[in-house]
Each structure stands twice: as structure tokens, then as C-alpha cells.
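To begin, one chain is listed below as C-alpha cells, in the form predicted alone.
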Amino acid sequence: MKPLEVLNDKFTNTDKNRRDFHQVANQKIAHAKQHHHRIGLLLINLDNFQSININYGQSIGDKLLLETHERLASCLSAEDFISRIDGDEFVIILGNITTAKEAQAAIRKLLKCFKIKYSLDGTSARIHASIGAAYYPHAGKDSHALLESVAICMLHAKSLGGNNCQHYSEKLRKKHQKESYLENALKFALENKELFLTYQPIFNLPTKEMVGMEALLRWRHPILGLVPPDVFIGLAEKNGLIATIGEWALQVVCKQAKEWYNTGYNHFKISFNISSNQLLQKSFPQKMMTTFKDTLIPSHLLDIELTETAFLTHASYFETILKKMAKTGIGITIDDFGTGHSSLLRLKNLPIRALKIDKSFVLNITPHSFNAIIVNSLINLGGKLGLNVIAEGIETNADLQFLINNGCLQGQGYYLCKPLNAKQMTTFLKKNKK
């Protein structure tokens, strides 16, 4: 392998590489326009490159980038062009594409480059790539438009878990434009008081007694109306707003809980969701305890909910933090249980109070169905581990009766009660006060 210094401007100088790319791309576009053929543009981003840099050091990372460049270049023809235009991003121009089949064959060949392990100074590493593909003239008439289109495709490939290639379409562009609009609008949602909380009761299913409630974050956009949580929560995590929004939500929950408890409604707990991104912030547990202290609410009256998939990464760190938090009295619930791949040993070691069965298993459940087998297994597992089992998404009487008959003692859903704002919940509590 050539030393990195030898390639200098051809590899390390990404500013010059970008200028060279635009010059070459526009020359090829002019030639393609004259001869009526297509040009393929690929943007390749390495999926887990940062972890290589962190775990093995930047010198190993640099050598991996260089070998990646050489592997990709070896798959190209004389009419093609390759350049590294950012830290771990490579752009490739497929100079003369006449059919979609030719483009697909070229992409398959490039993806094979990542199937072979890297061996770098005795360090063995495997890396994957997200690839975006766009074509002149459909996806853009100049180099800048094409690069913008292919970047949208690459980001979409990465959002699907990486290690795949996504091709340009107008539908994908419109989706990206909407997400960009929402992402920008979300930056001002808290300031403009567009975010709010609702509260959904959790019931003892056999007795219909309310035993808790879950605080749910909502966003009402002034033009688009209610934006689904599964859309804007992901955007908040992506742009780093989730910590600020999460802190605000925690303060609102604690203040509202204190108001209810001071009025005598103290027979239930309130649970609220936190993201793994929040928990990764070392300051978060202390900020949470400060909020409890400032609002004068005992921590044992609150539960935090984490999705099952949050435990798949940083498991040891989460285990340590959650054990510290549990010592303060706060309860811990695993949300969306059954959708991830939790280790049972990990569950045993975590200070968990409850499991929530994901609503996808509960919705329209019927005896002897696959979902019935899953739900029964989760109910039995929770019982054997000494945990509360809470079913989400109960929308029919049939759902409710199935759960009761199979030993699930707690649940929530529209059939029992829809989410209520704070004022509606206060009225609900008054009506149902013993």
C-alpha cells in the first residue's frame, strides 16, 4: 500500500478534490448531453468509520480510507472517476451508463469491495457502506444538482441501517424536503409553544382501576397540524434537540404531577419516555434529580420508560446508570418490549419494574394467532421475572378480554381511555376518585 503522503492532493486535500469533481462531472455531463447517454453518480459513505477511529486510532483510520479508495478504484473503468470529497465519503462518476442493468452491475461490484475484511498493521476490521445513486439527466442537469440528489439517496440508505444502495426518485426527494422542513420547524417548536404533553391512563385490567398514566409528547404544527411522534422524535434525535426537549418535558411532567399529588391524587405513578441519547449524556441523571428537588416531587412517584432497542448499544453503561437511578426510587420500564433482541441475562441484571408489550402484538389479537403466542410468552416471562406486564394499544373489547383471560393485569389503549390533556385528566381524576 502506498503511504498516505504520496497521494497528498489526490486523497487528503478534500477541498481540491471537490473542485476537481465538479470540473470533471460537468465535462462528462456536457459530453453526455451531446451524445445522448446517461451518467451515473454514486456517493459512498462508510457506515461505522468513526468507531474504527475511536477504537484503533486515526492512523489506522487513515490507512483504512486509503485502502477503501484503492479497492473502489480497482472496480472502475478508464471512463469512470473517483475522489474522496469528505472525511469518509467517496464520490464516483460512472462515465457512460446506457442501461439500468449496467448501473446495477457496477454497484454490485463496488459493494463486494466491503465484503473482504481489512487487515491494517495487524488490526483486522470489517466495514460496510451506504451508497446513494443518481443519474443524469433525470436527477439533475449539473454537478451540484446531481450531488445534492445523490446525497439524499445516501442519507436514505443510512437511515435504513446502512450496508445498502438507494436510487434517486422524485418521491424520495419530496420525502427529504418534507423532513428538512420539519427538522427546521422543530428548532422553533419549543419556543413557539407548539409542543405539549398528553396523559394516557394505565388500568388494572380486571378491576378497571387506574393505576398509573403515561406522559406522551405531542407536536401541533401551525400549518401541518399534529405531527406523528414517530416522525418528529427521530428528527429531534438526529439534530440534537432531544436533550433540550426531554428536559422541558420532564419539568412539565414533574410540575403537573406535583399539582395532582397536592390535590390528593397520589395513588398512581406517572411514566415518561426518555431516549437513549438523553441517557448517554452524563449530566442527565443529575439534571433529573435536580428537577425532582426543585419541583418537590418524590422520585418514587415517577417511572422512566426506555425502548428495548436502547439496550442493544452501550449496554454496560446503561446498566450502571440505571442502577444508580433506581437507588433514588425512580421506577424503570422497558417500552415496546418484544420488538428488539434483549438478552435475558441483561434483563435479569437491570433494575426493571415493568415490561410494556408493544402495541403491534396486541392490536386485533385473536386466540391461536402468532401474536397470541408472542403475547402469552411475554406475559409468562414477565411474571417469572417478577415484573409488571403492561399491554399497550388495547383498542377493542376482544383485545381486552384476551389479555385478561391470559393473565395480563395492566394495560392502556384507546378502548380504555384516549390520551388526555392536563385539564381533561384533572376532570377524569375527579370523576374516578374513590
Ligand code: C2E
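Just so you know, these numbers come straight off a predicted model, no measurement behind them. Start at 1 with the first residue shown and count on from there.
Another form exists, predicted in complex with this ligand; not displayed. Remarks below refer to it.
Ser275 is the sole member of Thr333, Thr291, Gln256, Ser275 with a non-hydrogen atom within 4.5 Å of this ligand in the model of the complex. For the residues Pro137, Pro351, Pro229, Gly87, the 4.5 Å heavy atom test against this ligand in the model of the complex is passed only by Pro229.
Not displayed here, this ligand is kept clear of Val375 by more than 4.5 Å at the level of heavy atoms in the model of the complex.
Looking at Glu395, you'd find a heavy atom of it within 4.5 angstroms of this ligand in the model of the complex. Proximity of Arg218 to this ligand in the model of the complex falls within the 4.5 Å heavy atom cutoff. At a distance threshold of 4.5 angstroms between non-hydrogen atoms, Glu305 is in contact with this ligand in the model of the complex. From the list 91-99, 158-166, 145-153, 208-216, the contact stretch for this ligand in the model of the complex under a 4.5 Å heavy atom rule is 208-216.
Taking the partner from elsewhere, every residue among Ile242, Leu363 and Pro419 has a non-hydrogen atom within 4.5 angstroms of this ligand in the model of the complex.
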